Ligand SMILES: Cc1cc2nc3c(=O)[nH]c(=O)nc-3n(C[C@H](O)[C@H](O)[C@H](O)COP(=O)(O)O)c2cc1C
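Presented as structure tokens, the chain that follows is alone, the form predicted on its own.
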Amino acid sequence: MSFFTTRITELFGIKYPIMQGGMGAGLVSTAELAAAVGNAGGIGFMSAIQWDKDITKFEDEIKKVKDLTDKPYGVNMTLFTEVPKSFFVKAIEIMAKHQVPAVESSARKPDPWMKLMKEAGIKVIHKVARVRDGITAERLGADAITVVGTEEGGHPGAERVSTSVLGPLMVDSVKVPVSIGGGFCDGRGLVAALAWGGEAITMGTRFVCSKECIVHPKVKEAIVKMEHTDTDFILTSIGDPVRALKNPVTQKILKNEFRDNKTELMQTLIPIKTQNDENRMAVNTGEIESGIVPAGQVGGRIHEIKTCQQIIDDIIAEAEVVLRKLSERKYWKA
């Protein structure tokens, strides 16, 4: 058995314990990206809420990914309260129709939809940022848990617990397999996660900087050039924490975030929150100075845009070198 065979790889039928987490801030997690990750030996998740205004586009995307790969893939359902429940019910019906193998649910408890997904034969991995939420998801029937530390881009937990603490805590708290996310981009990270008891790593920012991801080239360029300190942790005051690239918008939010009067904060968010056309999000237009661009701190360690195949091949090759040198009791760079 390969060192990289885990309960996660067996659950999803994939070669390597590497997952591309669903990202829904504009068009990011599309069929092209999910298929490329799958073809490279991992599993990628498209984000359903990208098509909440026209669910027929969601069904078209599922058809597309099946044309692009015969490998496992999945769909992320970010269960935002502002998205009608009827959308998720219809999305599950479509996934059942097309025999989607896996769902990554996130953002709140999946209990209203868990029964429907299980009846459709869909394997469910629920993504959380708190240990207690992972325990709840296991009790509700999740087949696996993804736990993300505060380093991650997008929506990390308000508790701001680092991946190196949160990952092992989750592993020790549930019986189902755990994928660990937040701060991963290479083979060293994969070995570390496996050493913590994780059975896969989940990456977002690393896969944004892939050739197959359809975000605007300016977004990829900004991440490749960023330092690890070039993100802001915003919107905690309204219960919707986001880690994003530091820019005039995030700095203005931070300036107004903890004032008693939230008027200026909400005025900053209105043009972003009311955006109806997903193609007008900053990740797709390249307007990185006037919008919110989610990105993880690990962007400071990403220096090249590669294909998903290259990304995964490099991770596995480096992990094998690290494991060999550890077994020889050598410092891994020696």
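The first residue of the shown sequence is 1; numbering continues from there. Keep in mind that what you see is a predicted model, and the values were worked out from it rather than measured.
Separately, the form predicted in complex with this ligand exists; it is not shown, and the next lines address it.
In the predicted complex, at least one heavy atom of G153 sits within 4.5 Å of a heavy atom of this ligand. Not displayed here, this ligand is approached by A295 to within 4.5 Å at the level of heavy atoms in the predicted complex. Heavy atoms of K127 reach within 4.5 Å of this ligand in the predicted complex, making it an interface residue. Although the partner is absent here, T231 is not a contact residue: none of its heavy atoms lies within 4.5 angstroms of this ligand in the predicted complex. Listed residues L190, V178, V103, V148 were compared with this ligand in the predicted complex; V148 is the one with a heavy atom within 4.5 Å. With the partner omitted here, the residue from G204, P110, P72, G134 that has a non-hydrogen atom within 4.5 angstroms of this ligand in the predicted complex is G204. Residue heavy atoms within 4.5 Å of this ligand in the predicted complex occur in exactly one stretch of 115-123, 134-142, 94-102, 180-188, and that stretch is 180-188. Along 68-83, a non-hydrogen atom within 4.5 Å of this ligand in the predicted complex is carried by N76, T78, in order along the sequence.
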